[in-house]
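Form predicted on its own, single chain, as structure tokens, below.
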Amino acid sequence: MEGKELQAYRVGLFRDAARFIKNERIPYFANVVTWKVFDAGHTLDEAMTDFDVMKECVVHFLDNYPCDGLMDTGIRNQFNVTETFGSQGYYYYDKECVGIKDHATCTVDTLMDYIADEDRYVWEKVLPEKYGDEWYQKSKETWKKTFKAYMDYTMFIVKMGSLTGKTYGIPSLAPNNPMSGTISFAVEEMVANLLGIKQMSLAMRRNPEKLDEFIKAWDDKKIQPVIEKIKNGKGPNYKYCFDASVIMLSHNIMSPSQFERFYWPHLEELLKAYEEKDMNIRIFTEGSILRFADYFKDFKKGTLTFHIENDDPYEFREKLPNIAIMGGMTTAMMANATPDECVKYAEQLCNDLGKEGGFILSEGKMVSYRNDAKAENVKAVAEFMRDYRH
């Protein structure tokens, strides 16, 4: 099989695993991001500013490590556009690492100004503050170069999607359109961008009513249209491995009472809408989610797939037998164990957790840094999963 036929086959593997349906084999999703740059013999500063180098790194990975899905096809860490404009902003990188600084683009008192008119707020508040006097002095030539860089980046995304799909048969994880796929809740947006971790932590204690107001406005504007679209839609979209993708990070700085107040009502309503349509959602739970396990225990089996990062997969299965697991392999093992030990553990996970579906092998943490994994371990696990039948 190749191309579209292989894509469809792999989508079936993911869909069956998510619905606790036994298939001939368990899929392997490579949660690999920037590690593939080092493995291809490059440094991050080379790959993140050169589309050809990044493409080479992705091709090198797919040629050497057979996988059924790939977290990053080289499109999430390109800095061509921002560098053309003159700033990296809140992101930073060097030869060995890439990251984002905790930052705020709003205060608690300006959150409602932002939600009232996001574009205006960004152009009149965020960008002038970010660039200072330089913002008003950008030349027409700079704007033209930036626009061209943006269009080049857009075309790179399209080309990489075609390459990974048509040539390697790698399916898309979930729709990219926020109206049907990747969804961000108010609390996630506040932690990641609007308030940052520090301000959000303080605001939950000092200004909870103001957060309530913003979260309600965000829900009305961003989440309710998605829910309506789901309810009026046709159900599962078998072009993708999952019908939606949700990333949860902000729960790690919340107490149970804060999670109950600021997050759960809006998340629950969305998940219930998907459940009613027999759709399946992948939730990437960065950090740990098990202390909130009781919130998810009553969802219909086959509705939710949790991509777990720090939680033990066996403890997770015991507490939430209704939820499919994505993960299991740790970067500690991939970095320090032998190939035989990695394969033995992968087989154990498949036998213990995936005999009747409900399990997708993946690395819990994003494999990002040079020492996150040994190449021989990644290769051994990928080839084992390609050939293993149960």
Partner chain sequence: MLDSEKLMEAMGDLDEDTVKETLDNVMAEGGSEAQAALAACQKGMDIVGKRFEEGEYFVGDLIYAGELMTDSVEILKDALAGGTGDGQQKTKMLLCTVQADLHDIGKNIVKAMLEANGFDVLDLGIDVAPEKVVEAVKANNIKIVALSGVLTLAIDSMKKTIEALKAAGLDCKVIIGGAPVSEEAMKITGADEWAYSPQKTVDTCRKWAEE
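Numbering follows the first chain given and starts at 1. Keep in mind the model is a prediction, meaning the values are calculated, not measured.
Keep in mind that the form predicted in complex with its partner chain is missing from the display, and what follows is about it.
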Just checking whether residue 336 would be counted as a contact of its partner chain in the model of the complex - the rule being heavy atoms within 4.5 angstroms.
yes
Under a 4.5 Å heavy atom criterion, is residue 105 part of the interface with its partner chain in the model of the complex?
no
At the 4.5 Å heavy atom threshold, is residue 198 in contact with its partner chain in the model of the complex?
yes
is_contact(residue 162, its partner chain) in the model of the complex, heavy atom dist at most 4.5 Å
no
Which of 210-218, 110-118, 245-253, 165-173 has heavy atoms within 4.5 Å of its partner chain in the model of the complex?
245-253
Among the candidate residues 272, 319, 291, 301, which is the single one with a non-hydrogen atom no more than 4.5 Å from its partner chain in the model of the complex?
291
Find the only residue in 142, 237, 224, 310 having a heavy atom within 4.5 Å of its partner chain in the model of the complex.
310
Taking 92, 205 and 331 together, does each of them reach its partner chain in the model of the complex with some heavy atom inside 4.5 Å?
yes
Does any residue in 363-379 get within 4.5 Å of its partner chain in the model of the complex, counting heavy atoms only, and if so which ones?
369, 371, 372
